[in-house]
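This document opens with one chain alone, in structure tokens, the form predicted alone.
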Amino acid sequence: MSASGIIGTFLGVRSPGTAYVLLHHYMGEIDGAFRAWGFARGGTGAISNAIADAAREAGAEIRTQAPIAKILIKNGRASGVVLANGDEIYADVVSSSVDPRLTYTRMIEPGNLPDDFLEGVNRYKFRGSSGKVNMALDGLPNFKCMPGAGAHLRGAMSISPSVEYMEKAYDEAKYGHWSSHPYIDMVIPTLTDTSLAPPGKHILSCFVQYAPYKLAPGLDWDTEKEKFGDNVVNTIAEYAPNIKDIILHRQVVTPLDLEREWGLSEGNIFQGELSLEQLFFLRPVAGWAQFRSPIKNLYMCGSATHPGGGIMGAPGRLAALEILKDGGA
């Protein structure tokens, strides 16, 4: 329960506000089973592909690898976007699923937004705190506490021996260091979906905290990245000694990678911390929590809006209902 209260949040297990993060991860359900999590057949990207297929069937055109450089504003209204390659696309409604920092301070030219609104955007906290280490394995990890294959490998496996262990991991992060004894949440999706790897091979996906976006002076993620990955493997090896012998390939993803590759400011997986001062009617900015913006016909629909991040689609659905209510489609 303590671990579920810190996921994606730059807070320790004893910090005020983590109870909500716990509830956020427990509010969902699958087939009527609350708190349940599931694997998407074909990997998580299969969910995006299914949504895309449904959109195309309804007549949508989807462009990928087409970064947006600027949102076009005319007479106080959003009128389209300019792509990085210079193409201009005009529209009656613009809906942004990237975070407030990117949307309002990098994609909109100065002078189009009220000063008090921009102050709220600039106060919005990201503080990425987590990383990923993904491994392609030649077999299954063999845990000392429960040797051999079995049902215990099919769900989530957590290295979080005690509340004190996780609090000490946070202590290091507070001072700009990745945790030498991190909290690690692991899954082996290939045990439920064999399409993800060749026969006999497996994927081990590890979510790791803490990995602070802002490191101490003299440190940077480009040089710390592989050290961080080595430490995660060494930590797992304390519990599953055979892990080093079965690793075929390894991918280390730092908060800086999350920002560079996926556009998540400061590497926050929820597009902003799920802390009490930026939840519900305060997410992302007080007075602008119902998916609209100070610019007419410009909406927000991503994880930086209510109810926050997670693979649930709730922000997008709620934003779409508001757009329809305004006559935007």
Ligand SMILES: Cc1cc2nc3c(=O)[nH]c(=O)nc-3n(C[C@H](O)[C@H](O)[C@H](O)COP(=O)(O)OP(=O)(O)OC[C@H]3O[C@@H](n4cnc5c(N)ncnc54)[C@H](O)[C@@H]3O)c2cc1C
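The structure presented is a predicted model; accordingly, all values stated were derived computationally and were not measured. All residue numbers refer to positions in the sequence shown, first residue = 1.
Although not depicted, the form predicted in complex with the ligand is the subject of the following passage.
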| query | Hey, in the model of the complex, does L196 get a heavy atom within 4.5 angstroms of the ligand? | reply | no
| field | Partner proximity in the model of the complex: R154 to the ligand, non-hydrogen atom cutoff 4.5 Å | value | no
| If you check in the model of the complex, is P67 within 4.5 Å of the ligand, heavy atoms only? | yes
| query | Might P284 be said to contact the ligand in the model of the complex, defining contact as any heavy atom within 4.5 Å? | reply | no
| task | Please state whether every one of the three residues V98, Q271 and G302 places a non-hydrogen atom within 4.5 angstroms of the ligand in the model of the complex. | result | yes
| Which residue among W221, F207, F126, Y170 has a heavy atom within 4.5 angstroms of the ligand in the model of the complex? | F207
| field | Contacting member of H181, K201, K214, K132, with respect to the ligand in the model of the complex [4.5 Å, heavy atom] | value | K132
| Sequence-ordered residues of 240 to 258 touching the ligand in the model of the complex, heavy atom within 4.5 Å | L258
